[in-house]
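In C-alpha cells, the next block holds one chain alone, the form predicted alone.
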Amino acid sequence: MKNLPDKTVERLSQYRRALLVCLADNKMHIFSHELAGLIHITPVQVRRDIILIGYSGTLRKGYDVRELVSLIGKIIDTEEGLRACIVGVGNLGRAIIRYFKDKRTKLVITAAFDTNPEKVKCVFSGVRCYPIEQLESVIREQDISIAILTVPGEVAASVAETLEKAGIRGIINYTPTPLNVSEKIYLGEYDMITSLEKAAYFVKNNRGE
C-alpha cells in the first residue's frame, strides 16, 4: 500500500468524501457506477482502484459503504494522526482553515503563520496564528509534518526552504511559484491560474456545440 500511485490516493480521498455523504443519507451499499457518477469518472476506474486496495463488493449489493470508508481510512490515515499548518493567513489561508475544521480526526491544522502583526496571536476557526519568525520552533514543538503554502509568490521559495529546515515532510503549494524541494518531501502544487486557463480553453473549444 505504500507505493500506491499519486492519482490513486487522490481518488481514494474523493471516494471517502462521497461515501461519507452516502452514510449521512443512510445509504449503506453502493455500486461502482454510482460511485463513479458521484466523482465524474468511469466505473472501470473505480473498480480498478478498489481492486488495487484489496477490496471487493458483491454483485447483488455492490460495495459496503461503511467497510470501504474504514479501509480507505486505514490506507490514508496514520494511527497517531498528523498535524498541518498554514503559512500565509490571507483570504485563501483563512478559507482553507474554515473549510478543513472538524473534517478529519486524523489530520488537523494546528497552527498558522503570518507576517502581519494584526493577525499574529489571533485565532482563526480555532487555529492560532504565530509570527513567521516562530515558524521553525512551533513546527518542531507541535510536531507538524505538513505545510499549506498560501503566501505571495515572490517569497514562496524562501518559505519552502525554511519549512524544509524545520522538518516539514509534505508541502501543499497554492502559490503561482513552482517550488524545488528535496525528494524526501512530498510536494503538491495547485496553480489556480492554470486551472482557470484550462477551463477557459475547454469553454472556448466547446462553444460551438
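Numbering starts at 1 and runs along the sequence shown. Computed from a predicted structure; not experimentally measured.
Below, we turn to the form predicted in complex with a further copy of the same chain, even though it does not appear here.
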Handout entry: in the model of the complex, residue 148 touching a further copy of the same chain (heavy atom, 4.5 Å)
Key = yes
Practice task
Considering only heavy atoms, tell me if residue 58 and a further copy of the same chain come within 4.5 Å of each other in the model of the complex.
Solution key: no
Handout entry: Interface membership of residue 25, a further copy of the same chain in the model of the complex, 4.5 Å heavy atom rule
Key = no
Exercise for the section: Using a 4.5 Å heavy atom cut-off, state whether residue 96 contacts a further copy of the same chain in the model of the complex. Expected result: yes
Exercise for the section: Quick one: find which of 61-69, 30-38, 44-52, 157-165 has residues within 4.5 Å of a further copy of the same chain in the model of the complex by heavy atom distance. Expected result: 30-38
Fill in the blank from the handout: Those residues of 154-171 with a non-hydrogen atom no more than 4.5 Å from a further copy of the same chain in the model of the complex are 169, 170
